[in-house]
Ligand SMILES: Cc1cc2nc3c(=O)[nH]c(=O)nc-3n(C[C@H](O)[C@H](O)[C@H](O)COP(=O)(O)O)c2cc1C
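A single chain comes next, written as structure tokens; it is the form predicted on its own.
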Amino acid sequence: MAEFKSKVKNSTIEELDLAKDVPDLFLADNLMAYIQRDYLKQDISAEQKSLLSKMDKMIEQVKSSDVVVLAYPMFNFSMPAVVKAWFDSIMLKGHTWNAQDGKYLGLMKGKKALTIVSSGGSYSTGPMKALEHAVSLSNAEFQFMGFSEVKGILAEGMNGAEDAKSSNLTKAFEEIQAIAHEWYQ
């Protein structure tokens, strides 16, 4: 255990709070700047570069990371809008993915991603399973970008009875620990 703690302790952790550093949404002006720069390979103006600067900053943060841990609550069966906006900000052609000969190529090889989602209901089994689009969408986004290892944990049933909630939290923490041991040993 001490060896594991020292490996994690020697890591640099950079935190991004999407509630405080809200990603830019793709709107008409920055979408056109992105298309011109990254699809059409055209020079863009200083104003257009400024419109893409926050997205570029977020891309660089992800590209400089070995491991990305993303944690959020499930909203209406999926991720909060701010998390989707973050994915839209970092999933830019030529930066985290590309296309060649009609195929998509993820550019984030060698990186690992873990998504941790909490939910009020239970979505791992039964009729609600088909409504889980939070962990599954995050995993798909990271896989599309080419992350070498992608894992997701659903800490579900947080609106349930205390014993079920406690059991589900314990299970989620054990899964997180197992992944951390695997990735840092």
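Computed from a prediction, not measured in an experiment: that's the story for all the values here. Position 1 is the first residue in the sequence shown; the rest follow in order.
There is another form of this protein, the form predicted in complex with the named molecule, and it is not shown here; the text below is about that form.
In the predicted bound form, none of the heavy atoms of Gln100 sits within 4.5 Å of a heavy atom of the named molecule. At a distance threshold of 4.5 angstroms between non-hydrogen atoms, Ser119 is in contact with the named molecule in the predicted bound form.
Residue contact with the named molecule in the predicted bound form: Val83 places no heavy atom within 4.5 Å of it. Of the heavy atoms in Met158, some are within 4.5 Å of the named molecule in the predicted bound form. Relative to the named molecule in the predicted bound form, residues Met74, Phe77 and Tyr123 are all within 4.5 Å by at least one heavy atom.
In plain terms, the part of the chain that comes close to the named molecule in the predicted bound form, with a heavy atom within 4.5 Å, is 66-74 out of 66-74, 41-49, 141-149, 25-33.
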